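A single chain comes next, written as structure tokens; it is the form predicted on its own.
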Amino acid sequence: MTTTSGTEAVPSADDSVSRPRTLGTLLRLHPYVKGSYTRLTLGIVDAIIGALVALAIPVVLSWIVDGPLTTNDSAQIFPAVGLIAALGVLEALLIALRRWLVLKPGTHVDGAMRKAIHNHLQQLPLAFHDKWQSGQLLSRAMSDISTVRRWISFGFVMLTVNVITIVAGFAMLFFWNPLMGAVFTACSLPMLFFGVRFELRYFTLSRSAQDQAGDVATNVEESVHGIRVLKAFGRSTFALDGFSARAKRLRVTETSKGVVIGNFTLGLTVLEALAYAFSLIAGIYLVSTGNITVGVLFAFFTTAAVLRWPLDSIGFLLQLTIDARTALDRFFEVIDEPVGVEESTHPIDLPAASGSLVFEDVSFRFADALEGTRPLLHNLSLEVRPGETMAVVGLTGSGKTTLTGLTTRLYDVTAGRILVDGVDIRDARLADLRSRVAMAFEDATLFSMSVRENVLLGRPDLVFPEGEAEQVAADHLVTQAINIAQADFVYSLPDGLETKIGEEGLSLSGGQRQRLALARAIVTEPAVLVLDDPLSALDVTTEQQVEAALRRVLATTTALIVAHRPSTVMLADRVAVLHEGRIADVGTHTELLARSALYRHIISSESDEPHVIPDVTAENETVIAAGTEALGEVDGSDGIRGVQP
């Protein structure tokens, strides 16, 4: 099963899981681990020395049992006991040193991976974010990276050390007595079979659990984000049922993981017990026949006791390693996504801003569009002259929002080109382009920071001004932008401009969010201003005030405005009619009313409430009256009323 958004499948917990090579996946950690190899190596060396110290204790015990203890001479016994104590203290110090050495590399890798995935998410095209669940991305950026950090700091080091300890320990068992060593080894060999079977079973469960945890995170995020809708429709129980179903699936998977781990641990424990039992029988027989001394028997089982932790930890360390591998698989699924919108290898500096915006034979289709379908935009050509305001109108689904997104390379054209001040935007630096062209979206998104920081989002140089002059300039720009956007309500907030806005600005009304988003675009002082129906949530009176203020800004700024209301259209010098992915006509509002039935239909179909159209002169009243059959009647206040599709 896959969850979809649009036409392309989104990775979810039910997708089939491939099994890439563990070594190859882990080797991809190199870019994030480099710089930490020294501490990791020292940590491993330290741990190996600690293991050897632990294995040296049985040697000393053998000598004590067969030597000083047989003499009952305290002068020999107490120094031997002191030597054992010293070895124990040394082992403890080495363990503490190991933990200190490997702690920093884990946090370094954690930070490097989080930074990498965050930066990559910022660079990925909108098409990627349209199809991926936010909870899946969040789980990859948080819990999966934490799993890798635990493996780096503990799992990798201890797995390496324990393998070396087991090899050295088994060699010592054969050193003490080949027969008992062979018995112990023969009983332990089935552990390899259990280990392989465990890896085969646990990998799929581990991946499923991590994907299902992402689904649960997505469900929680959607429920919190849509809490108003759920409450308004009385669907809290529906949301709870959905969460419970996903949580139950995750619980079942985690339980299955526990069963697999438990069975593996049970098998290891039984095999260890059998190894100890048969080795003890062989040892007692050898002591009774005089083939070995009691000291050798004691040392053999002390060595076996030292091996108990490395053998017992195999299950846990394999579990952690597999979890880390699946976490890395999920991490690299995101990292391996192509950026799509990339910087030019030989970027061109944009010339002095004139504000020209030209679309030349632009075509665009989404990467996941079905084969053979018509492009959303097809051979579209449009020129917005410097200082001109161009409105774009069209029926729903005609590609208006996509057209605006192409101007700042939120998407890249699939054919043709877009020129800003004569330069193909694909040849310009993204930072230069996006400082030259500013956007305000219909769906205004704000961030969990102060009003001032939200407004100055596009001017990071003014967020924390260095001097008094910069502070004055920043305050002036913010005040001017707020006044133009008619966002004076911010001054009545508890802390004014310093008021912290809640997540996504949901503590504000839709109209308030739109006005702040408009102020955010204006404050950048762009050469080209792109507005995607930024006034849709405003009442008629506020809209008129914003439009009146916008006229002053648009008098010197090139603007491309997606318009749905006639009053917004009247802001424009010219209007472009977008139909079936192409520009059907371009002209002034009055010209299009007179000659374009399509334009009259679009305007009438999107006008369902009274709108005041300013500057209706005697010259154009005749033209407007000619369109009353489609538009309705012109009343005495120059407003269009009774609009019918």
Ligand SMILES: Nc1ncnc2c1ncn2[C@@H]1O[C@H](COP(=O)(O)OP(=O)(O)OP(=O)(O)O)[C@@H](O)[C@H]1O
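All residue numbers are counted from 1 along the displayed sequence. Everything numeric in this text was worked out from a predicted model, so none of it was measured.
Another form, the form predicted together with this ligand, is not on view; read the next lines as being about it.
Residue stretch of 363-371, 135-143, 306-314, 77-85 approaching this ligand in the predicted complex, non-hydrogen atom distance within 4.5 Å: Among the candidates, contact is made by 363-371.
Non-hydrogen atom within 4.5 Å of this ligand in the predicted complex for each of Thr401, Tyr411 and His564: Judged in the predicted complex, Thr401, Tyr411 and His564 all sit within 4.5 Å of this ligand.
Contact label in the predicted complex: Thr255 to this ligand, heavy atom within 4.5 Å: Residue-level check for Thr255: no, no contact with this ligand.
In the predicted complex, Ala549 touching this ligand (heavy atom, 4.5 Å): Ala549 lies outside the contact set for this ligand.
4.5 angstroms heavy atom contact with this ligand in the predicted complex for Leu395: Looking in the predicted complex, residue contacts with this ligand include Leu395, since a heavy atom lies within 4.5 Å.
Asp130: touches this ligand in the predicted complex, heavy atom cutoff 4.5 angstroms: Close contact exists here: in the predicted complex, Asp130 approaches this ligand to within 4.5 Å, heavy atoms only.
Heavy atom within 4.5 Å of this ligand in the predicted complex - residue from Val161, Leu376, Ala282, Ala112: Residue within 4.5 Å of the partner: Leu376.
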